[in-house]
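Below you'll find only one chain, the form predicted on its own, shown as structure tokens.
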Amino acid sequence: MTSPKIINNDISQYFQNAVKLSTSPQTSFLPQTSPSHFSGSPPQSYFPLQSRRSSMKLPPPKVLKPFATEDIKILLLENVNQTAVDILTHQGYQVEFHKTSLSEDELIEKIREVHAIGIRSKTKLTAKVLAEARNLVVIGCFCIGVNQVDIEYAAKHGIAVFNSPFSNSRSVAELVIAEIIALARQFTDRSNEMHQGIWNKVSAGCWEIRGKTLGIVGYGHIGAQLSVLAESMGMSVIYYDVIPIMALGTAKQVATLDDLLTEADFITLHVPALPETENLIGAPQFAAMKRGSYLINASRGTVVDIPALINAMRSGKVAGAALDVYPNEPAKNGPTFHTELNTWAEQLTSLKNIILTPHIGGSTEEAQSAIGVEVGQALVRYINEGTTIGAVNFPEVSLRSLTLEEENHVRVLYVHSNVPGVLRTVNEIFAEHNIDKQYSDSRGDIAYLMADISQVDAADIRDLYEKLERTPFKILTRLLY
């Protein structure tokens, strides 16, 4: 990544130009006519800064502008929700929107000039792609997962990554509840038969879910919501997680995965894609399950050994399954789910009582609107203020906003290698100035420092910037004034 450049050697002229920009960031995240297609009022957590400022009657925040950079350019791919587009365009950013993902060559061409990129699950931001990004400072994943991004490479090159870990939890939980009922009643088989003109009214192998045991693997945001919904429908709930988690309702945590597999009638998976979770459910786990049990995977495609699932269903060990995710998923819609992508595709689609959906767990209007707000706000906060709360690859650092009364201030954002001696060097640079507030934290090999410095003029800001850029530990320097 190339360093930000001084646009004009005459710094005072640069400041005059910056002030005149119609694209200077605004403080409010949502436009006056904010989208109204939520099914209800979004939780206050979607509007944390406004809520706190309103309730505490704090002075209005100062609009910060980027020093030594061009107009902020944003690239949004994969039909990111309109709520995000509205939030970002309302800031005056230059937003380029695409309904689909791009080929690698197209992506490389586009990413060279942008400061931020928003994606969903199909776009792969590999080290090869990110190496071409000259100005990129932040990535927004408008989804839960971030395995489509090389987050380690991004961190080492000063690129923060944000995702949406909460906003689609309810949508996924509702999908799983629907699939539990559909599998128990063999809905999809009966529907397919009717579409073929076959009347097949049967009750054998069809069950109520009341009184059955649901086993949840991974009791996070989705697993916990699912637990409450399942109990409300009369199911008993047990769950397994790698850490102790307080149960909701009357759910009970079990000690091992095998304990869950041997007891549950329905097993649903809600774990991340990690080396430890690859083929978490394979032949040994299917052998441990009750005969006639059901499996649902709405987490990540690598968690289930699909050939082992096919064998378990053919043998009758597993009575039904629902899959929303797969080891290899098509990059675009269309007739693209076939054996060239996954060698077992035809065998899987030939099975009875199996529900196959194209990774739509979070694909509801409500979830996508909320995700657009959550990630859109995170991007704005990082670009405008430097806040990394919620970042998946950076230490979480935040300072209160500067106010309009605080004139002649500059906010220093300094991403650096986590090695001894950095703070001493940086504070020597700051020594001739008044530091209003400063906070630093580290995460692995990366550290991040934020500092507000008062009583500075244009020459001071330029001097600070140039000195920080020359430090041997620097990964990225940004100054907001």
Ligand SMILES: O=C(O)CCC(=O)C(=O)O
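Numbers follow the displayed sequence, beginning with 1. Model, not experiment: these values are computed from the prediction.
From this point on, the text means the form predicted in complex with this ligand, which you will not see here.
In the predicted bound form, at least one heavy atom of S121 sits within 4.5 Å of a heavy atom of this ligand. Contact check for P327: every heavy atom lies farther than 4.5 Å from this ligand in the predicted bound form. Looking at Q377, you'd find every heavy atom of it more than 4.5 angstroms from this ligand in the predicted bound form. N168 belongs to the set of residues with a heavy atom inside 4.5 Å of this ligand in the predicted bound form. Between 144-152, 333-341, 107-115, 202-210, the stretch whose residues reach within 4.5 angstroms of this ligand in the predicted bound form through a non-hydrogen atom is 144-152.
Think of it this way: in the predicted bound form, this ligand has a heavy atom of just one of H359, R185, K317, H157 within 4.5 Å, and the residue is H359. In summary, among the residues N384, T388, Q368, Q285, the only one with a non-hydrogen atom within 4.5 Å of this ligand in the predicted bound form is Q368.
With contact defined as any non-hydrogen atom lying within 4.5 angstroms of this ligand in the predicted bound form, R300 is the only contacting residue in 289-305.
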